[in-house]
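Shown next as structure tokens: one chain only, the form predicted alone.
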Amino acid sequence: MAAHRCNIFMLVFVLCGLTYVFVRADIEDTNHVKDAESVAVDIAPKANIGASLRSTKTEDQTQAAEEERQWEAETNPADAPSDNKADHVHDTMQNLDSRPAPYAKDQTQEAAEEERQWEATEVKEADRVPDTMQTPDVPPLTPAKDQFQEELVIRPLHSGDIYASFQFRTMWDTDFLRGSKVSHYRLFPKSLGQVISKFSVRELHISFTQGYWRTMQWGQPFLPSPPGAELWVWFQDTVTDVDGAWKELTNVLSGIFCASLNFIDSTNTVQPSASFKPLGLGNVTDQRFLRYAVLPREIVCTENLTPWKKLLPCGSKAGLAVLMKSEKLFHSSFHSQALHFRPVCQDWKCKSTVWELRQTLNVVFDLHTSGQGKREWSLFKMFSRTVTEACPLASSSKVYVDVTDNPQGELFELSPTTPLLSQAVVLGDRRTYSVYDLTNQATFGQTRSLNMLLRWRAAESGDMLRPLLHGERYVAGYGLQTGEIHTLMYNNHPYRAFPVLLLDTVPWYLRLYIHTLTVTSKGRDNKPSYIHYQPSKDRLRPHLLEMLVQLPPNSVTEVTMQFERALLKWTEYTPDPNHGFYVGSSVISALVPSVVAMDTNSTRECPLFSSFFPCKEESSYFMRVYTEPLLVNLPTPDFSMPYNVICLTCTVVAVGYGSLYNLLTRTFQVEEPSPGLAKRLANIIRRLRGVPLL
């Protein structure tokens, strides 16, 4: 009975072991199938990696089975046949498990094949790219929507000075006014693009100028600007609150350029009716969307130049901008930096428009500021630097030197020489320029640096042709009650008259007498054909006067008008009221006859068909001239009076009240005369003896 019970226990134990073996084999088979499916899904691993993983797994499973057989043999030594049978079943399951499942094997092969195809496709595509680039029949790639150009124009002036003008132009084919915001900026400055998009600006023109351009000595500048800060903006017709947008825009630009544009308000902002038409595309005639303001007292410094240079694609790290060293630029007779934003044609057909951002910097170097007394100029002497490379982002980078007055080299010598010459009609005059292309490495020579040297040969520069249009302005009168403003406009053309548009902006504290307005030319009254006058309102808006006047040939037209000085509140005066108050420059706009069409020499050899009509293709050109700003003294109270009152009051209090207070609070006592010497000696002796004193 006991043996039978032992056999039953042994049979149950063997059945449990077989159950354990079959369950373990089934679990391992399931895990292996899952691993094979994951390998089939993932095409990245290689086939050999999977094989190594499977071999490693098989070895682990074989070692586990061996350990299990040893454990069973030690547990059941009497049941050898059963143990052999279990080993046979376990070995069979292990052999099945060591072979990969058919589904897993197929997926692994497909994964490896897909991987090989993917790698082959990638190689083929990489190989096909150079072939495609080299194929001549393939059309060129689509050009970039933005491009950048930079130029430097150097013009020797007849006064012996040097005029340098930097021109940076960024063009971008995009739409700032669409519903979705522009988020990707490559060459165009993002800070300015966001401002234009937010305030719906169509045209933006801003300039910062230190000094006054001497037209009679230097001629006409490429882009004129008045002393101080000038800002005029055209808004889109979708703007409902133009005044609010104008106020916010001035505050934002004040932060961008580190300037005092936040002082622009309704007291110095006007809305011209005829002047400052759009310079870009667009037939906008509604002057409600135009605002103009000028701050004649604005001082231009390095803090204004630094943010201006940061708007360039290359900054001041490469290209022509490396020459902009503030120490040299501000140590000059004239300095002006400007920024112009407007829509222009994309091509000559003008089927589409692009946005143009043009940054300009004009500077005039004085002959005597160098202290050497020699009439020799070079890039290093002017800017303390030389040009070593063009801006990598620029499609064009050139330096122009005006050699119109030096055709044979008798006036000055320019080195290094260049065979490239360019002719252009600038401000109605045909000019010739020597061109240095910075994108060509041969321009820099072996030194890899361009330092142009201009050495004067003649002691005198010759006579300069007088500008055809010139303006002046001054204040007349005496006392601090009334005065008179005189504006002079010169027409130096020998035989041709032309109309000009005069814009005057006068602050409200100069109360104009419009009935005293007189316009005279050659001693005769010259009646304007158009007058627009907007009177001022105290502390709200300035005077605005626009006139269209015909200037006779070779004449001086004088515009005079009387005014009365107003009394300001003591809080409205500047910190230095005795210095005076500035009045912005007058603006003269005109279509001036060209110098090319002004030639009256009929004896010069030329084709007869070209000399019958005096007008030519460059018969007239647009010009804008700014006069000097005015400095007017106003009735100023004696701001030292509070100091005097304080000093006088303190003196009265100290002397008068102090004496009375002493008399009322002081106590008086009768002082006996001091005893004699003999009596004092006697008292000393009596004190020593203990006897009462005398």
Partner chain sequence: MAAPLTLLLIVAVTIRAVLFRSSLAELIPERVEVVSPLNAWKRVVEGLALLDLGVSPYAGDVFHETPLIIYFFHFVIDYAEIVFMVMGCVFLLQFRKQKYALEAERYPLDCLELIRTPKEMYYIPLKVAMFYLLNPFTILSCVAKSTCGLNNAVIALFILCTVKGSSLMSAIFLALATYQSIYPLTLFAPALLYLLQRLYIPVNWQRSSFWLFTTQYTFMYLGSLCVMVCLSFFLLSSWDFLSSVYGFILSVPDLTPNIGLFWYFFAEMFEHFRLFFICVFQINVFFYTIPLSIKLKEHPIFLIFMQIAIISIFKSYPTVGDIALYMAFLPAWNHLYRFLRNIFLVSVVLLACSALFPVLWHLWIYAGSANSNFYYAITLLFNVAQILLVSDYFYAYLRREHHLTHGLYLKRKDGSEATLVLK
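If you're wondering where the values come from, they're calculated on a predicted model, not measured in any experiment. Numbering follows the first chain given and starts at 1. Under this definition, the rigid core comprises the largest set of C-alpha atoms superposing within 1.5 Å between the forms.
The protein also exists as the form predicted in complex with the partner chain; that form is not presented, and the subsequent description refers to it.
Note that among 200-208, 550-558, 468-476, 569-577, the stretch whose heavy atoms approach the partner chain to within 4.5 Å in the predicted bound form is 569-577. With the partner omitted from this view, the residue of L279, I531, A497, C301 that lies near the partner chain in the predicted bound form is I531 [heavy atom within 4.5 Å]. Of the listed positions (K351, R288, H515, R524), a single one reaches within 4.5 angstroms of the partner chain by any non-hydrogen atom in the predicted bound form, namely H515. R297 falls outside the set of residues with a heavy atom inside 4.5 Å of the partner chain in the predicted bound form.
Shown alone here, E564 lies within 4.5 Å of the partner chain in the predicted bound form, counting heavy atoms only. Among heavy atoms of S536, some come within 4.5 Å of the partner chain in the predicted bound form. Contact annotation: V435 falls outside 4.5 Å of the partner chain in the predicted bound form, judged by heavy atom distances. In this overlay on the rigid core, L631 has a C-alpha that sits less than 2 Å away from its partner position between the shown form and the other one.
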